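Here's a solo chain for you in structure tokens, the form predicted on its own.
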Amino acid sequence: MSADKLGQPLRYGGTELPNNVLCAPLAGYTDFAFRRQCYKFGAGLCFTEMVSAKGLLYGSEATRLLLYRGADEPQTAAQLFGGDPLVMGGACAHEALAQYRAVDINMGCPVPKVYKNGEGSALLSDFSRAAAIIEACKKSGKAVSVKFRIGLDEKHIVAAEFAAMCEDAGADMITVHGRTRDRMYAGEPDYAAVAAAKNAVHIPVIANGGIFSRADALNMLDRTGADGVMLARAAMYDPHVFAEVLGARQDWDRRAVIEEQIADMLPVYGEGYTLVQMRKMTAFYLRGTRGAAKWRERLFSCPSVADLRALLGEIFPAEG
């Protein structure tokens, strides 16, 4: 049954997605060049990196770059984080988001500096403020989704109640990460808690956490009844995982993917940022490659994009 469900079109808030296998918003990774690769391999929807609502309103240059969208992106949602309903609502209505028809609100980030500011997963213990944020964002007229964790810890699982609150406040879709804040990214997801969230609402529910393969995705759908799945770390290691999860696994030319990302990034971000970013991404793509540790050592000592490109020819001599 879940095999039939995986890969089906998904609609939320007036937005029609080609399939229900989504790429998570990943701080430091899901820039437009990486998203382009995920879409190429079949992702139904990608999100920007996590963007500060305050930074957006203050006109931060770094925020502007985080929101850069490729001209050929089919549809992408902007992810915002913040703890003030007025600021969040203002950010959604800001001209910087005019190119985005959908906004995702981060209510699950477990990072201490975000949590201590009353943002991200801190909102799991403040239902009224979380609801006010959703309501403020909805006034922008954009489709609004919310990504959250099942609770702060095992003694405070609030997945079902929080899901219902999101729907009542006007959310068009929710993504439930099946771990508590204190578990960060460790351990198996709590499938029962995700299922409870699914059963508490009528809007689409996307399940997130611990999905690295088609088998993982099918297991998640079977055990939760969710309407779709969201991949995170799996995509960082291997963007063509979307093709595999969708049942259309294909060989991928890692060197070509890296070269395409470099070519996309250079005109927008410049040499310095592109070099740092692509050394990092290439290190992820080396997982499983013979001699990966040796290659990574050389990779992180590359002083220029030209040197990085030359090294790619050594690492992947049969590709490209």
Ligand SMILES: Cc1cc2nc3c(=O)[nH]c(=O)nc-3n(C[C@H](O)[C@H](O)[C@H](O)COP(=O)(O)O)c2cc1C
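We number the residues from 1 along the sequence you see. The structure displayed is predicted, hence computed values, not measured ones.
What follows is about the form predicted in complex with the named molecule, which we do not show.
Out of the listed residues 286, 27, 67, 266, 27 is the one that sits within 4.5 Å of the named molecule in the model of the complex by at least one heavy atom.
Of the residues 101, 233, 214, 223, just one reaches the named molecule in the model of the complex with a heavy atom at 4.5 Å or closer; this is 233. Contact with the named molecule in the model of the complex, defined as any heavy atom within 4.5 Å, is confined among 241-249, 128-136, 84-92, 179-187 to 179-187. At the 4.5 Å threshold, heavy atoms of residue 198 stay clear of the named molecule in the model of the complex, well away from it. The named molecule is not shown here, but in the model of the complex it comes within 4.5 Å of a heavy atom of residue 210. Although the partner is absent here, residue 49 is a contact residue: one of its heavy atoms lies within 4.5 angstroms of the named molecule in the model of the complex. At the 4.5 Å threshold, heavy atoms of residue 79 reach the named molecule in the model of the complex.
Of the residues in 119-147, only 147 comes within 4.5 Å of the named molecule in the model of the complex through at least one heavy atom.
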